[in-house]
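In the form predicted alone, a lone chain appears below as structure tokens.
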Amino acid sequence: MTSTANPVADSFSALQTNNSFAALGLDFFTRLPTTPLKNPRLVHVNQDVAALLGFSPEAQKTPEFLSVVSGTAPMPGGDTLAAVYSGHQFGVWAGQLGDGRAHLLGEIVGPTGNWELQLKGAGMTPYSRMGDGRAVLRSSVREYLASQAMHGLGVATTRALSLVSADDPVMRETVETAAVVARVAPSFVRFGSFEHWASRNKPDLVRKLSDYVIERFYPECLQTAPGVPATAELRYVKLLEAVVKRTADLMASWQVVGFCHGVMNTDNMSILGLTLDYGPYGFMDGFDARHICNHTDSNGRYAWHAQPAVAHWNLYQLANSLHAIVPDAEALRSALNQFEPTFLQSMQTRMSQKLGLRTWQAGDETLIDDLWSVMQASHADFSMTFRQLAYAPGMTEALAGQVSHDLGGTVGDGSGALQPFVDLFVDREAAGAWLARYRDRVAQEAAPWQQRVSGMLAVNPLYVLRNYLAQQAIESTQRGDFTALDEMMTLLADPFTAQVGMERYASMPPHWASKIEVSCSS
């Protein structure tokens, strides 16, 4: 049940709350308070997310705001809890898991919808296992930036409202300082939430959770075609099909921006098709289809090229869980079969946009596959390859100054004499041969070159959250200098438009960047 909230609130107390997940009952969570930090300090607030929740700028400056987003005090009208779930981790059944360092504060009725507010790093829960329930500033900065980057790219994701630092020491590889990220999403229910109750032979609770998710987020599953009985079993099959399609589209959106999640366990897969739980993620620099962003993933289970197949495997585990309330295995299998065509269609649409092709023609798949091969052979920079392809020589009549501006200073000296696309490849001859084929293909399009260029620049980012940029923001934030963090949050909100004076954020990564490693502790 959603009500209309005031568009702007000057305090948490003025917000309306709903707490629908808490209404499911104690089977699904444990109520417990957060554990306050020592001397919490507000590092950053995402103004776009604050607006989603209905917070005025004045509200963000109040002691109450800091108290709530740091975990010092509960959210007025909220219901603080930690959810239980289970899951497969790296393909192995891990049994009971849960919110080991996350507290759901409650559900806010915002101006445009309902949003759950969750704190990551606010203390231990019954599901912390051997953990301390804390997050460190290093990983919190990475998550804060990642949610902004993905949203700016148009990828479905959880959001982050705020970042708080504190004086508490936290032991990881070394002693670091604690931090809390306030995360925002319509729901944090995961595939593992269903696996938990199916594994315990509790079909009534699988059904209860399914009904909740359908009523709140997939009401279309309650509708049937004329003459088709509206059975409960059918709605659960339709739920699986809807999640399959959202997840397939999510995978395509990851692949086309070179994003690697790093820990695609079933407990990290959102039932809403959102990118969830940013740990050892990474955006590729030099293209490698087998790129592994998580140093812990020694077998490459979650490499870039494997992500769609892993997502399908995870969906199979979700289907197994729903089998507890849907005896018709063939109906579930039919829903799972929607993954491949949905993924392929989404990839086709997105890659056509990236290449500036308005129509799909026979041979386009081969053209795209050959581009991946040429990029792989030279480990060409993923983002710059597509960005600079928009102004490949011989394809436009743009002035050098316009090219230099639109590409954010990545062309070179701005004279227009360089061949930026071909220069990204070690094998310039192979790149040039592919470019000639692409030029011929573009010539078959009826649209003027200006339209192709503007379309490509609108989907191929200039500013990418590369690991080295995240590391620089982490180090400056740890020193108390938030300039880089603030600049990156601004650029990542609109990663497609060149900003004067921000060329360093669009340049090729330095050689030392390849030595940065992230793992599950990140």
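In case it trips you up, residue 1 is the first one in the sequence shown, and so on. Every value quoted in this text rests on a predicted model; they were computed, and no experiment measured them.
This protein has a second form, the form predicted together with a small molecule, left out of what is shown; the following refers to that one.
Undergrad: Could you spot which one of C293, M375, L355, L97 gets a heavy atom to within 4.5 Å of the small molecule in the predicted bound form?
TA: Spelling it out, the residue with a heavy atom inside the cut-off is L97.
Undergrad: By the heavy atom within 4.5 Å rule, which residue out of Q338, N320, Q451, S128 makes contact with the small molecule in the predicted bound form?
TA: Checked against the cut-off, the match is S128.
Undergrad: With heavy atoms only and a cut-off of 4.5 Å, decide whether D79 touches the small molecule in the predicted bound form.
TA: Contact check for D79: no, nothing within 4.5 Å of the small molecule in the predicted bound form.
Undergrad: Does at least one non-hydrogen atom of S139 fall within 4.5 angstroms of the small molecule in the predicted bound form?
TA: Residue-level check for S139: no, no contact with the small molecule.
Undergrad: Can you tell me whether W434 touches the small molecule? I mean in the predicted bound form, with a 4.5 angstroms heavy atom cut-off.
TA: Heavy-atom contact with the small molecule at 4.5 Å: absent for W434.
Undergrad: Hey, in the predicted bound form, does R101 get a heavy atom within 4.5 angstroms of the small molecule?
TA: Yes.
Undergrad: Looking at the small molecule in the predicted bound form, do all three of Y85, R134 and D267 come within 4.5 Å of it through at least one heavy atom?
TA: Looking in the predicted bound form, the three residues Y85, R134 and D267 all sit within 4.5 Å of the small molecule (heavy atoms).
Undergrad: Exactly one stretch in 384 to 392, 345 to 353, 85 to 93, 243 to 251 has heavy atoms within 4.5 Å of the small molecule in the predicted bound form; which is it?
TA: So the stretch in question is 85 to 93.
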